[in-house]
Every structure is written in structure tokens, then in C-alpha cells.
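As C-alpha cells, one chain now follows by itself in the form predicted on its own.
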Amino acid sequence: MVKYALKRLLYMIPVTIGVIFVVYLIMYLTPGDPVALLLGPDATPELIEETRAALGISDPFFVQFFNYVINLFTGHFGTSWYTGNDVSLRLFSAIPYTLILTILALALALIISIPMGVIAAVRQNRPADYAVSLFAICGVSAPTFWVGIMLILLFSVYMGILPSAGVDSWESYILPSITMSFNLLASITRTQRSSMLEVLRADYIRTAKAKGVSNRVAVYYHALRNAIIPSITVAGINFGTLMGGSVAIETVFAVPGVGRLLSDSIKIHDTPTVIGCMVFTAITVSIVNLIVDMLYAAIDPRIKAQYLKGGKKS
């Protein structure tokens, strides 16, 4: 398992470099001059050229790219072209807000979706199953920003019981965390229902019931343990993605997290900050996927045996 984890961590290096290359190329080819936006319309051509040279923007693309990669491996994420601050400082100040939102959204989604998926599978083709399926379809189909706006109208504008924007208190996290969990909740519910239906039809479940095991024990002890693995996959992948920053949610609720930092940086063409946000997202997704794989082994010993077998072969 240790060799497998180290191998996965080493894979993060080419993945991160690839992300940097793609993002840098997109920002490089994007129309518009960031220096002209920075200095304003009254800037002279001489000042613009001096600023471009100072920021390294006048260098060829591959020179800028390799310089950034070298600085990144020395622990420097670059300097914001607009604030003059280190990108790492801006990023680390935004991470706590996104982390809190992500943990709350994921916890809310798991607490609700797992039981709903199990109930829908156990009561297949019954009113409970139809209700859960209808909710899941609505949850997957509804745009995230629309859900957020509807919650603001209901709880902030009409009822006036929750703040609509900002993070002044713990109450400020309620609406954005619910909004962030809505699509995820629906996705995990559908995944859990499908996986549970497949496991409930397995031979070992029928054998357990034939030996006198109660339906509750067969469902919640034998079946759920195997059926929950796909839901962990969905939750893990979405956790990494959400930690990268949900741009729509953090913009609607004015949360100063990674998503809003990324959105604001793209608008002003702040390439170092954009790349810093994307590098953080790539590393987070890779680490979370590794943790999910480790959870597989903890839940299902057969998967752990496969990892160990693969490690011996390598």
C-alpha cells in the first residue's frame, strides 16, 4: 500500500506540469493586454513596455512557462500582477472559506443521500422509490446558480432569517453549503440506489437470507458495505472538485474562496493567480482520489489484496 501511495504521489508531478502548460497556454492566447488593464488608458507605450519586461510578459511563451515551473518547484507560486502580493498568500487566505463550505456540503450530502438511496432500493417501484427518484432528477437538472438564487429569495428576501452574502457569521455558511450540496446529494442518491439494487440481487445476499439472516442485517450490514463504494467514488471526486472552488456558488453568495478568486483573476487576466488556483485544484483532486482509493481498501479487503498484489508485481 505504501508503494502504491508513493507511486500515485509521483504521478502528481507530470499531471501538475500538464495543468500548468494548458492553463498558461490558454491565458497566453487569450485576447487582451493585462498590462494595459493594469496601468489604465493613460499609460504611455514606454511605461507599458517597461512593465511588461518587469513582469516577464514580454518573454516568449516557453520561457515564461519554464520559469514558472522552476519557481513552483522552489515553493514560489508567483506574484500577482495586480496586487503585487504572493499568489500563495492570496490562495491560502481563500482556502479556509472553500474548505468549510466543501466539508459542510459533503457532510450534508452524505447524511441525506445514503439513506435515501438505500430506502429507494429496498422499496423499489413503490411510492418512496418514485419520490426519491423524482427528487434526484430535479437535483441533477437544476442549475447550481439558480438554486442559490431561489434560496436567497426565499430565506433572505422574503423570510429574512438568513444572510444572503458574505461570511460574517456561521449562519452565512448555511445557504451556500446547501446550494453546494444540492447537485451532489442528487448524484450520490442515484448512485447509491443503483449500486444497492445490484448488490441486493447478488447471490450472497440471497444465501444470507436463506440461512435465516434478517432483512435488516442483510441490507445494512452485508449489502450496504459493498454498495457504498461507488458513492464514495462520487463523493471523493466531487470533494476534490469543490475544493478547487465552486465559482458560481462563491460568486452568488460573495464568499471569498478559491472559486471567487479564480473568477476575479480571470476577469483581470492575472495569469499567476489563475495558474495558482488551478495547480491547487489539480493537487487537491489527486490527493483526494488517492484517499478514496485507500478508503476502498479499508472497506473491501478484496481491493486491498489487489493493491498488495499489484505492488508485489511492480
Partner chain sequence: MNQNPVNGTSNADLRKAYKRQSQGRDIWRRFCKNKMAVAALIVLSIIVLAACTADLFWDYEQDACALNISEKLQKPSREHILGTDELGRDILCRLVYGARVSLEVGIGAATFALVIGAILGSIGGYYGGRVDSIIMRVTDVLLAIPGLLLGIAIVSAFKPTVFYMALAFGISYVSKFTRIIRSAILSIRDQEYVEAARAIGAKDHVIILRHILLNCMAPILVQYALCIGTRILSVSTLSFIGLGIQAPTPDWGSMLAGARAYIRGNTYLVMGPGLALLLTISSFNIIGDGIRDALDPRLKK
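Given the structure is predicted, the values throughout are model-derived calculations rather than measurements. Residue numbers count along the first chain shown, from 1.
As for the form predicted in complex with the partner chain, it is not shown, yet the points below apply to it.
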Quick one: find which of 139-147, 171-179, 101-109, 77-85 has residues within 4.5 Å of the partner chain in the model of the complex by heavy atom distance.
139-147
The single option of L89, V213, L153, A202 touching the partner chain in the model of the complex, heavy atom within 4.5 Å
L153
Verify the contact flag for N67: yes if a non-hydrogen atom of it lies within 4.5 Å of a non-hydrogen atom of the partner chain in the model of the complex, no if not.
no
Would T207 count as a contact of the partner chain in the model of the complex, using a 4.5 angstroms cut-off between non-hydrogen atoms?
no
Check Y158 for me: does it contact the partner chain in the model of the complex (non-hydrogen atoms, 4.5 angstroms)?
yes
Is there any non-hydrogen atom of T281 lying within 4.5 Å of the partner chain in the model of the complex?
yes
Even though the partner chain is not shown here, does it sit in the model of the complex so that V15, V252 and S263 each have a heavy atom within 4.5 Å?
yes
Within 82-118, the residues that have a heavy atom no more than 4.5 Å from the partner chain in the model of the complex
none
